[in-house]
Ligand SMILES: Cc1cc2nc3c(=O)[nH]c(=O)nc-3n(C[C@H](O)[C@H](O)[C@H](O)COP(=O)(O)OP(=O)(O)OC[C@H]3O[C@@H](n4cnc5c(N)ncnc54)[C@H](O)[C@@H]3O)c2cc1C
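Okay, here we've got a single chain as structure tokens, the form predicted alone, with questions on binding and movement later.
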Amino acid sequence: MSYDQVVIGGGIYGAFVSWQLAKQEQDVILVERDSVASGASGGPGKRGVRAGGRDPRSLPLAKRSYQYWASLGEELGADIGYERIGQLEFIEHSVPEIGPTSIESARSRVWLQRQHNITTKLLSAEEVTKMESNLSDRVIGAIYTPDDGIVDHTAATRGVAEAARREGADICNNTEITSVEQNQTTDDISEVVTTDGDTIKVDGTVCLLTNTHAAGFLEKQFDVTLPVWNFTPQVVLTEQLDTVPFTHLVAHSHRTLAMKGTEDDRVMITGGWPARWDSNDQTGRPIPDQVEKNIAQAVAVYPFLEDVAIDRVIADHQETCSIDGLPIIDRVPGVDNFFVGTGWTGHGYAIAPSVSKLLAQWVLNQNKPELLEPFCLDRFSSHDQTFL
């Protein structure tokens, strides 16, 4: 087998990049060790695709992705469950602090997002309670980003992969790439090798777009260290309610908390609380005190949740975090035809459309897009190819 472009990883980035390359009449294979959307790009229900609260360096990408998400379902001919419901980031602190948690610092954050043409408003307590009537009186305001939305991550990822297939890309599930072969003269990748010992010849480029697999692969193959680590997030789902008494994405300026309602009238409570990964069973195990703390944060903001039973806690996949909270998107040092994208730190899904388009352009024309410059490896060091 021989392909112009070999894409490793069947999440949203692998699917999108494969689609973009296939549309440019490239001969593409997408290789996934499990199945498309089986990892961090899958999971329960509709989840956020937001610009609110992002690192400033990713705001231009979030803005570009807004319009793309709104039209993606129609372009795919698939129901991806996209809805623009807006996000409220609640604020409880009135006294200015060093960190971005007070109502005063919120003014600067609103200003910053507006500089990137992200529609953003600072709401008073009265304005917030008109929008969300079940709030604790601790909340004194909120940053409102009305264009933020939700999408069914599993449906969208599979829809994009199917679009790539229709454009001619081969989708190869249940196949893991374990090593690469390099040209002795140029050091470019000439072949990738699967666990079964099969080889895929590379006529163009390899894109490694995985979460937990990428760092170990680069360490083993190229002696390149990435400043990332794996993390198992937990998702708490309440019992089914008559109706979810809030309608927006929920975030918080200082609490480790994110919430949203589900289609079957449950409350999904997240925010970054960890579970424990069982490497033998390849699944996560909830940590009881972390679950309790996550729920306590939710109850502090929405007191009605104190009387709501928890139905289940999901911890079925790992994500990869980078040391500065931004993804790593770059060529592998010393290997011109090998690109890596990883370290999404739990919020890479929203910017996937714009990042993937730019990465596909980079692969084809060999010119690094300016908007991807903040995510390159040299931000960690200008002197060495090994980082931390």
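Numbering starts at 1 and follows the sequence shown. Keep in mind that what you see is a predicted model, and the values were worked out from it rather than measured.
This next part talks about the form predicted in complex with this ligand, which is not shown.
In the predicted complex, do Glu176, His213 and Glu319 all reach within 4.5 Å of this ligand through at least one heavy atom apiece?
Yes, all three are in contact.
Which one, 311 to 319, 297 to 305, 129 to 137, 220 to 228, holds residues whose non-hydrogen atoms are within 4.5 Å of this ligand in the predicted complex?
Every other range fails; the passing one is 311 to 319.
Partner proximity in the predicted complex: Pro233 to this ligand, non-hydrogen atom cutoff 4.5 Å
Yes, Pro233 sits close enough to this ligand in the predicted complex that at least one of its heavy atoms falls within 4.5 Å.
Would Lys63 show up as a contact with this ligand in the predicted complex if we use heavy atoms at 4.5 Å?
Heavy-atom contact with this ligand at 4.5 Å: absent for Lys63.
Against this ligand in the predicted complex, would Ser58 count as a contact residue? Criterion: heavy atoms within 4.5 Å.
No, Ser58 is distant from the partner.
Heavy atoms within 4.5 Å of this ligand in the predicted complex: does Ala350 have any?
Flag for Ala350 set to yes.
So which bits of 29 to 60 sit within 4.5 Å of this ligand in the predicted complex, heavy atoms only?
Going through 29 to 60 in order - heavy atoms within 4.5 Å of this ligand in the predicted complex - the hits are Val31, Glu32, Arg33, Asp34, Ser35, Ser38, Gly39, Ala40, Ser41, Arg47, Gly48, Arg50.
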